[in-house]
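In C-alpha cells, one chain follows: the form predicted alone.
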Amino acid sequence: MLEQIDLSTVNWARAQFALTAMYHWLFVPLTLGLTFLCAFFETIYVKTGNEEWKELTKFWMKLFGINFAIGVATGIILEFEFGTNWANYSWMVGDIFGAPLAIEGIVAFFLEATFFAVMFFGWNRVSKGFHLLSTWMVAIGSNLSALWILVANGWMQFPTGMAFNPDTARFEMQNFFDVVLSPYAISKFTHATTSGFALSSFFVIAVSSYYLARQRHVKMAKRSIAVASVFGLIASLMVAFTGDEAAFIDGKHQPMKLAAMEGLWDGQKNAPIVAFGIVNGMKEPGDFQDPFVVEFKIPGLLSLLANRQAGSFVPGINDLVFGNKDYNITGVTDMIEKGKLAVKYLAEYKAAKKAGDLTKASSALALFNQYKDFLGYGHLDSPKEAVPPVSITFYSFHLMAAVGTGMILIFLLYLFFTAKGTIERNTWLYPIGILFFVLAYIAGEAGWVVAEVGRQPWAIQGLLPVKVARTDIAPVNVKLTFFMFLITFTLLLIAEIKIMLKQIQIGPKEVK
C-alpha cells in the first residue's frame, strides 16, 4: 500500500496547509487580544463617563474590525483543507475532530457574530451597559472559538477519549470530556491565547509609540500604553509559565519532540538545556557525529524542565529510535515491527470477515488487538521517519523562547516609565516597542512550527502518519491551489496593512 503513496502530493499538501495556517495566524492573535483590550478601554469609559476613553475605544475597535474581517477568510479555507487535502484523515477521525470544530461554529462563532454588530453599530443606539456587554461577549466568543480549535489540535498531539473500530477503520469518540480536558488541550489553549494577548499589547504599544514619537494624540497614546503594558506584562508572564508547562507535557507524551527542541541525541541524567547552539544538520540516528557545531549549555535544566526532578534521565533521539532497556524505553524499531503485525492482522480480519470465515476473523482480531496500539508505526518504512526535522525544530523553539523572554523585559520598561510619567521623554524605547511587535509575530509563528514540525511524521501522534492521512489526488491540483492561495493571501495581507496604516494615519477622533 505504501509504495503507491505519491510523496510529492503529500509534501505539496503539507506546504499548502502550512501556508494557510501561517497566514491565518497573522490575523488570529491580534483578534484574541484586541477584543479584550477594547473591552478594558470601554469598561474604563463606562466607569468614568469620559468621552476621550470612548473615542479611544472606537479607534482600537476599528482596527480590530479590519483584522477580524480578513482573518475569517483564511480560517474558513483552513477548515475546508481538512477535507480537500487530508481525506483519509477526515474519514478516520472525523467523528472526533469534527466535534470541537462544530461546537466552535455553532456556539462560539455564533456568540461572537451575534454581538459583533451591536459592538460596532450600537453606539448611541443601545444603552452603555448593553454595548459594554456586547464588547465583552465578542471578546469571550473570539477566545471560545480559539478554545475549540485548539482542543481539536491538542487531540492530534495527544489522542485520547477514543477507540479504533476495526470494522470501519475509524477512530471513534468514547469520552468527549477526555478530549476537551486533556492536558494538551488545556496547554494549547492557554499558551496560544496568552501569546496572542502579548502580541496584541505590543500592537497597541507600537501604534501608540508612533503617535508619541510624532507628538500626535499624546493623551490617547499614553492611556493606551498604560493599559496595554499591564495586560501585556501579565500575558507575557503567563506565556512563560504555560510554555514551561507545555514542554513538561511534551516530555511525558511527545519525548521525540522535546529531544528535537533541545537537539538531544543521546539521553542523559542531569540533562542540560542548550541556551545557544548551531546544529549539525548532517547528523542522523545512530551515527557518531557531534550534534552541534557550537553550543552553550546550562547544566541540569532540561531534567527539571522535562521531569520536574533534578538529575533525572531525559531520553534522546537515539534512545527513542533504537530503545533503551536500562530505562524501559521501547524503540521505534520495535514499534515498527509490531505495527506491521497490526496492519497484517487487520487486513486478515477484514478479509476473513468479508469471506464469512468467522473463526479465522475472530483469531485475526485477537492478534490485531495485541498490536493495535502500534498500528500507526506499521505505516513507517524506517525508524528514521519517526525523527522530526531537528534543525527547524531546535531553531524555532530557541527563537520563540528568546523573544518571549525579551517581551517580559520590554513590557516592564514601558510600564515603569509610564508609572513614572516619563514615557514621553524615553524616546529610545519607541523603536524597540515597534520592533518587538514584529518579533512577537515571528515568535508566534515559530511556536506553531515547533508544535507541528516537531511532531512529524504524525498527523495524529503515534496513530496516523501524515503520508497516510493525505487525499489521493494528482500533485498538480495541490500545486495549482497552493499558488492560488499564496497570491490571494498575500493580496489580503497587503490590503489589511494598507487599510490599517491609513486608519492609523487618520488616528482617533479628538474630543473637544
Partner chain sequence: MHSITGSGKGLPGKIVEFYVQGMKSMGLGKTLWKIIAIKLFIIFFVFRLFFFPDMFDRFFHSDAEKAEHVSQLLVSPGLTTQGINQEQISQQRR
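Numbering follows the first chain given and starts at 1. The model shown is predicted, which means the values in this text are computed figures rather than measured ones.
What comes next is about the form predicted in complex with the partner chain, which does not appear here.
Contact annotation: of the candidates Phe313, Tyr441, Tyr210, Phe164, the single residue with a non-hydrogen atom within 4.5 angstroms of the partner chain in the model of the complex is Phe164. This chain is displayed alone, yet in the model of the complex one of Ala169, Ile106, Val293, Leu181 has a heavy atom within 4.5 Å of the partner chain; that residue is Ala169.
Looking at Val453, you'd find every heavy atom of it more than 4.5 angstroms from the partner chain in the model of the complex.
Proximity of Glu81 to the partner chain in the model of the complex falls within the 4.5 Å heavy atom cutoff. With a 4.5 Å cutoff on heavy atoms, Ile460 does not count as touching the partner chain in the model of the complex; it lies far away. Mapping the unseen interface onto this chain, Val468 counts among the residues with a heavy atom inside 4.5 Å of the partner chain in the model of the complex.
Within 4.5 Å of the partner chain in the model of the complex, a heavy atom is found for none of Gln174, Arg425 and Pro431.
Judged by heavy atoms within 4.5 Å of the partner chain in the model of the complex, the contact stretch among the candidates 431-439, 197-205, 283-291, 68-76 is 68-76. Residues of 9-34 placing a heavy atom within 4.5 Å of the partner chain in the model of the complex: Gln16 alone.
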